[in-house]
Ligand SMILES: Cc1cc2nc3c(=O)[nH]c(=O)nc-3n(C[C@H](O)[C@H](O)[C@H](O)COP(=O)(O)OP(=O)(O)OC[C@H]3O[C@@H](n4cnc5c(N)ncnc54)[C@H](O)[C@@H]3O)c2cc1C
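Before any questions on binding or motion, here is one chain by itself as structure tokens, the form predicted alone.
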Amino acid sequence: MAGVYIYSDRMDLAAELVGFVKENQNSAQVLCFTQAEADQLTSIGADKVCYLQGDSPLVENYGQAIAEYLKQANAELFVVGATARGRDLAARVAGYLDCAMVSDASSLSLESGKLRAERMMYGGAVVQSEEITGLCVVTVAAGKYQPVTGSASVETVQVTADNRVKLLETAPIVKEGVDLRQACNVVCVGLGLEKEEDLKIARDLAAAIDAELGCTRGVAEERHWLPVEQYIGISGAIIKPQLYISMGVSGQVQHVFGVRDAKVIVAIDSNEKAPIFRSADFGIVGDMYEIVPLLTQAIKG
């Protein structure tokens, strides 16, 4: 069955990718590797759920099987959620297909067999545009498209896994921070904050607007004031909140890359030449130690 094929190990991201396909008026087939996943994926608006049944618990071991399946199905495009597992699988499939691959696309359109893709390069300083004809593989991060709903049937296909890699042991990663990607509002602190105790004024503001607290990389990895899951930037969380408020954030390109999709950006900094003001919708030049408590009080009424 020709069309666009999708895989993500996160159901919410799979639903967003189906939304992209439907937005471009193409048929969407979602791949999965367990019956439990197949049952969940039937409600995210795809035309079909393809349960590739094999004997390996490792999705990565199905790279060659997926490539062969896509060829037989005459697929137009393979879209993969840009998670750690998704990026690994996408590279394997593209290698077996010997086809083009676009990593972490920021925008996509598919028309008459041509894929037009844009992706950020050099920390977000440059936008690269590409046009690809023929089957290719693309990875897309969360927060780019609106999910859809709808029911789909499940097709089970027997496939052969490459079992040269075995799963010996698993251990959960203990995460301390919140999932900023799901936050509607975010308050972010930077190195302009003088001491760890001063996080309280940021937390008070966040509580007043029902926001999550984020930070720049230096706050998490150098000062260790907040968990690494809470730092925002090109190598951290990429967020898309309705409202983003920065406090003492200089606004280097690596950080701005992580907040560029925010609907409204508000910057508070004492340096009127701080780069963050170039990306802000609203800027307040002044001492955040004076401004933020007043802002919090005003919001609380």
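Heads up: residue numbers just count along the shown sequence, starting at 1. This is a predicted model, so every value here is computed, not measured.
One more form of this protein exists, namely the form predicted in complex with the named molecule; it is left out here, but the text below deals with it.
Proximity of residue 217 to the named molecule in the predicted bound form: non-hydrogen atoms within 4.5 Å are present. Though the partner is left out of this view, residue 283 does not reach within 4.5 Å of the named molecule in the predicted bound form, counting heavy atoms only. Contact check for residue 236: a non-hydrogen atom falls within 4.5 Å of the named molecule in the predicted bound form. Residue contact with the named molecule in the predicted bound form: residue 252 places a heavy atom within 4.5 Å of it.
This chain lacks the partner; the member of 67, 274, 265, 41 within 4.5 angstroms of the named molecule in the predicted bound form by a non-hydrogen atom is 274. Only one of 141, 191, 73, 154 comes within 4.5 Å of the named molecule in the predicted bound form through a heavy atom, and that residue is 191. None of 243-251, 59-67, 27-35, 44-52 except one has non-hydrogen atoms within 4.5 angstroms of the named molecule in the predicted bound form; the exception is 243-251. Contacts between 270-291 and the named molecule, taken as any heavy atom within 4.5 Å in the predicted bound form, involve 270, 271, 274, 286, 287, 288, 289.
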